[in-house]
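We begin with a single chain expressed as structure tokens, specifically the form predicted on its own.
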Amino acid sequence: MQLIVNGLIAGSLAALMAGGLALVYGVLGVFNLALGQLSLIGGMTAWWLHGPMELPLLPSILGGIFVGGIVTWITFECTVAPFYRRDRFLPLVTTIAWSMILDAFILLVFQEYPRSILTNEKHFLDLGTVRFSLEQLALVLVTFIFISAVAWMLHSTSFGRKIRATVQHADAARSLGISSSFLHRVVFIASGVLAACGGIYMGIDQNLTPTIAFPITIKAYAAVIAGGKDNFWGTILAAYLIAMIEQFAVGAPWFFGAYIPVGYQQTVALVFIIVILLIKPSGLFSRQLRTT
């Protein structure tokens, strides 16, 4: 039971990251491989505001989200906007380069020491053999609310209908007066806000280290591939599935009671991508499109 709870907690973090990546790919048709660095900037900013600056937790979280959104907007203007209309693969290269620049910036400003937004402030509950903190429970609930709000916006608002119209046919949407460039910016910044929330989530639940940006980006990418690149809810389900597999891979006994070392946990997402591409390259939850 503890492994299921751990998978639910880890899956909520992965769902925030993968949801942002899926939004950008669904609307712009590009992958932002600097997503992990954007999440770290949001989390590190919240840590700096709550720790050294001694601000209350809520303003620190809002500050981390704001800074994450600003850096995401800069990312779009510098590494995506000049390139994605020319070739969808160009932002793949530019965001990788940008991620390396952000890695150097994070190391320069925050150094390589692990940071935790909450140190001795957590409140733990024990229910039988299951142990979790009230902060983790709050993070999971907020993640569900956040994802549900994004889904409601996409499917039940005029803004969401404009986004879907742009995805289906950008030229036709522009002929109806819908500004695709504005929508692209808003969606890209929204993905960065989700990433910043993921970084803050990680800083509250665990520790933030500069080396974790690439692994969480790969995990989010694995969820998008496994869930179907055109399926937001499929991506969210795949994120939780990967997190559950990770927990059971290293937390359950294998091979006559032996355990797989925790260091191999990060390889689960990579193996998952390979297996899904071999079995169903379009993804587990991909939609079937009509061709006639």
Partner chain sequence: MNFILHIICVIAMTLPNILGFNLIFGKGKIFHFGPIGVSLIAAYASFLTLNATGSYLVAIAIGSTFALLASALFAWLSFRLDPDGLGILSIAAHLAIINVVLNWSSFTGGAMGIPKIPRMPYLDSLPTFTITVSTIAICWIIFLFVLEHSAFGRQLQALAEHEWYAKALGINRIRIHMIAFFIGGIGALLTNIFYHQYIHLVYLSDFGYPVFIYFVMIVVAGRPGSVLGVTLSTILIVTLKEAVRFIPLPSHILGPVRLLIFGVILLAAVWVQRDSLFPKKRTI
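Between two forms, the rigid core is defined as the largest C-alpha subset superposing within 1.5 Å. Numbering follows the first chain given and starts at 1. From a predicted model like this one, the values you see are computed outputs, not experimental measurements.
Below: the form predicted in complex with the partner chain, not depicted.
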Segment assignment from 137-145, 80-88, 173-181, 157-165: heavy atom within 4.5 Å of the partner chain in the predicted complex = 80-88
The partner chain in the predicted complex reached by all of Leu33, Thr94 and Ile218, non-hydrogen atom within 4.5 Å = yes
Although the partner chain is absent from this view, report whether Ile225 comes within 4.5 Å of it in the predicted complex, heavy atoms only.
-> yes
Would you check, heavy atoms only and a 4.5 Å threshold, whether Leu127 touches the partner chain in the predicted complex?
-> no
Does the partner chain come within 4.5 Å of any heavy atom of Phe66 in the predicted complex?
-> no
Is there a non-hydrogen atom of Pro253 within 4.5 angstroms of a non-hydrogen atom of the partner chain in the predicted complex?
-> no
Of Ile101, Val186, Met153, Leu118, the one that lies within 4.5 Å of the partner chain in the predicted complex (heavy atoms) = Ile101
Contact check, 149-166 vs the partner chain in the predicted complex, heavy atom within 4.5 Å, ordered by sequence, gives none
Core-superposed comparison between this form and the one not shown, Ile9 Cα displacement 2 Å or beyond = no
C-alpha of Val24 moved at least 2 Å between this form and the one not shown on rigid core | no
